[in-house]
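As structure tokens, one chain now follows by itself in the form predicted on its own.
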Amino acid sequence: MSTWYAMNVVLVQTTLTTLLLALSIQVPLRFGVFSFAGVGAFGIGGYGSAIAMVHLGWSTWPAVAFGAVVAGLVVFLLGLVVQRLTGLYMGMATIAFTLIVSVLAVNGGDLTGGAMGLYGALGEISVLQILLVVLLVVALLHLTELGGMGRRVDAVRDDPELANALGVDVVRYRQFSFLVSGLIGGLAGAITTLLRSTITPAEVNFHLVILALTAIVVGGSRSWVGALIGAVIFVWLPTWIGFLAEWERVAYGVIVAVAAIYLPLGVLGVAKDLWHRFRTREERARVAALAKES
């Protein structure tokens, strides 16, 4: 086990940070907001933490917290600006926000390192520390999936008019989703940057949107468990299909296409459906057995 861990520690780290990135996109989707601002937050968090370490001399976790908080505040303000947009227009606006972050990084001079990026921000972060951060984030998000809070979030997503009629402040909930998305995306960017010791504008681009979105589509968009499934699949997929060589990207595309067509609720949705059928079959068998006995 220790040998396997030593050989795959980078993949484990990447899985955890990719989960955070996917969650930063999944959170607004659960609130009915088609936003990719979490990817822009990834860049802000990464550059914020790197600037705090390189230029201000901060230690690791204060730098991570700085990057995450700045990202959260910026994305929250973005949410106030674009709150009247919906659907595709919201998606395009938040993708544009991500591209703007990349452009600002290129033109940031010595502060951001320009097109070459910012180097030397090497933090002291262990896998256990990343795991604890992820568990805390997941635990807090899990609370939003349970009980009354979960029902209100579902109502905001599925029928905002009905939610308003029931006294749920849809606008406030959706603004809250931007704040959470920014904080989680900023955490992902900060931790990733301080693990690699560098960040460049090329890392904050549309490919991160594709990665996060495909992880959610394949894993499932209604729960953090779906984001975890998607993160595991797409981080470890290259090691599973490496034998395909130049056909690897084709296989990747086929998997995403099949999942989008035949698994509309992702792998998690299929698992829940199978579990429900199993429980229903067990219940029917129990009722039939009781009927025979009587």
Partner chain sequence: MNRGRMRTNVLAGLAVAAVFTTAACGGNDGGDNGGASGDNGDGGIAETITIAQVQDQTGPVSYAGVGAKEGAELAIEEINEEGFLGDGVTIEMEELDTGGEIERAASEMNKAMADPNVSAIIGPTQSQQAATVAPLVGRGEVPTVFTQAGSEGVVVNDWTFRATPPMESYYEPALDYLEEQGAETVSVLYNATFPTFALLGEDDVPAMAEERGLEVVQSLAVQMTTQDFAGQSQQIARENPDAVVMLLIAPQSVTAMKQLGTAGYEGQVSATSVQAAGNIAAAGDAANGLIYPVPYSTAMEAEGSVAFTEAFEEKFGKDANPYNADGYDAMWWIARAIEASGDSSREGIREGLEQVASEGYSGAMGDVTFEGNDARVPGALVRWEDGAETLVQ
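In this text, rigid core is short for the largest set of C-alphas that superpose within 1.5 Å between two forms. Positions refer to the first chain, counted from 1. Since this is a predicted model, take the numbers as computed values, not measurements.
There is also a form predicted in complex with the partner chain; it is not shown, and the following applies to it.
Only one of Leu111, Val171, Leu122, Leu73 comes within 4.5 Å of the partner chain in the predicted complex through a heavy atom, and that residue is Leu122. When you look in the predicted complex, the only residue of Ala165, Met149, Ala115, Leu136 with a non-hydrogen atom within 4.5 Å of the partner chain is Ala115.
Contact check for Pro238: a heavy atom falls within 4.5 Å of the partner chain in the predicted complex. The closest non-hydrogen atom of Val270 lies beyond 4.5 Å of the partner chain in the predicted complex. Of the heavy atoms in Phe278, none are within 4.5 Å of the partner chain in the predicted complex. Contact check for Leu140: every heavy atom lies farther than 4.5 Å from the partner chain in the predicted complex. Within 4.5 angstroms of the partner chain in the predicted complex, the stretch 208-235 places a non-hydrogen atom from each of Ser223, Trp224, Val225, Leu228, taken in sequence order.
After superposing the rigid core, the C-alpha of Leu274 moves by 2 Å or more between the shown form and the other one.
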